[in-house]
Structures are given as C-alpha cells and as structure tokens.
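Quick setup: one chain, the form predicted alone, written in structure tokens, and binding and motion questions come after.
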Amino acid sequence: MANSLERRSGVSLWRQIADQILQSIAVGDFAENAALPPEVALAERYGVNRHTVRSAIAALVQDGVLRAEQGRGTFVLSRKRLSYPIGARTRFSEGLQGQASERRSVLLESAVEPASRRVAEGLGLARGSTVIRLETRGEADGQPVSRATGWFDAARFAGIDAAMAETGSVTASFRRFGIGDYLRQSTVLSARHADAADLADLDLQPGAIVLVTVAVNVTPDGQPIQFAETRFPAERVELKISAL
C-alpha cells in the first residue's frame, strides 16, 4: 500500500487515504473479506491522526467498499467494478449486459445552444451552429455509473431530447431519425477529480476520481452524429478498450 500524501494538492488527506486504500484493493493487496490494518497503524503509516483515518474508512464504508465490525476491525467487502467496453460499437446497455440486471439512462436536462469550437469540430459543423445538448446519467442496478454530456446537430436531430426522454436510449433515439447503426470514430481518455455536479449526480464523496471519455460517433458512411463527454466513477467502473 502506498503511503505518500500530497499535503498541498487541495485534496483532503482523508480522501487521499481513501483513494489509496481503493487502489490497494484494486491491485489485490487486500483480498475479499481481508482485514485492514488497525487505525493506529494506518495513522502512523500516513503520518496523520486517527480521526483522519477514521474519516477515510467511514467514507469507504458508506460507499460499500468496506464493512466495520465493532470489536473486530474493518474488512474488505466483495465488490467488483463493472467493466465497460469501448470499441467500434460502444453502447451503454449492451456494454453492461451480464454485469447488471437493470440498466438504464436517465435524461437529466436538455438545452439548445450554439456549438463551441470543440463541439463544432467534433460534429463537423461551423462554430456557433445550433446544437442540442443532452445531460444524462447511466445507472446499473439503481447505482449511478456514468454521467454524460452529448451534443447533436439541431438541424438534423430536432426532437432528440423528447426521444431520449421517452426511450432512455441514444441508440433507440437514433432509430427514430433513420439511423439503425453507428460507429465509434474516436475516443480520448483521461482522469480527474469529480467536480461538484458530478459528485452530486454520481453520488460520490469529495475528491473521488472520474474516468473521462471524449468521443465522436459517426454513421457507417462517416458522418458525425454525436459528440460526447462521459464521466465514469473510477471506484465503480473500469474501461476496457478494444480495437476501433
């Protein structure tokens, strides 16, 4: 287990400790049902007081990663991250099939706005062209697992917000516009701390890490139809990249 903390990073010490415990679980340093070291030992290892360690453990207990048993200690729960595939045909519901019995996308907000330079380039439009922005949240078995912002050419996809609200699916919404298939043209990956909006929408603790994909989807003949940025909570989801 790593034990270095960045005291001037702007991220609270308890959150950094929680993230390092999560990383240790992810790489197999702690097996399922294994006991964590005592609070005193963790406090000495990280150079903090027991209250800071206790805050980190409490957050992970609340997230369902650990369980605390009075008089016995703190133990790792059996909890596997979802594996979300990114490939030539990336679909939310299909990607999580077999890993979650209930999968759905919820439309949180929609707006009509002028395209920024980034969005216009992604969609092959002139800067300032009118686009429709959809804010959605993906859920698996009732737990938030993604938060996406998608943009669509308003001239071609007028009413896609209503279609998304009704179907809960980008793929089903595209079918209403005569698009039966589409492909992933490009995906750029990064990671960052979740901002305030994503903390709320994904039910995360401050300092949590999100994996970010910026993607362009196109029709089979190469016409851009969607530019999207999606955030996945790293503690719940891993991204599996296949050849595009």
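One rule holds for the numbers: they count along the sequence shown, beginning at 1. Model, not experiment: these values are computed from the prediction. If you superpose the two forms and keep the largest set of C-alpha atoms that fall within 1.5 Å, you have the rigid core.
Beyond the structure shown, there is the form predicted in complex with the DNA, which is absent from this document and is the topic of what follows.
- Heavy atoms within 4.5 Å of the DNA in the model of the complex are found in exactly one of 186 to 194, 23 to 31, 210 to 218, 46 to 54, that being 46 to 54.
- The closest heavy atom approach of residue 73 to the DNA in the model of the complex falls within 4.5 Å.
- With a 4.5 Å cutoff on heavy atoms, residue 68 counts as touching the DNA in the model of the complex.
- In the model of the complex, no heavy atom of residue 223 sits within 4.5 Å of the DNA.
- The closest heavy atom approach of residue 38 to the DNA in the model of the complex falls within 4.5 Å.
- Superposition of the core reveals a Cα shift of 2 Å or more for residue 48 between this form and the one not shown.
- With a cut-off of 2 Å and the rigid core superposed, residue 16 has a Cα displacement that reaches or exceeds the cut-off between this form and the one not shown.
- Relative to the superposed core, residue 117 undergoes a C-alpha shift smaller than 2 Å between this form and the one not shown.
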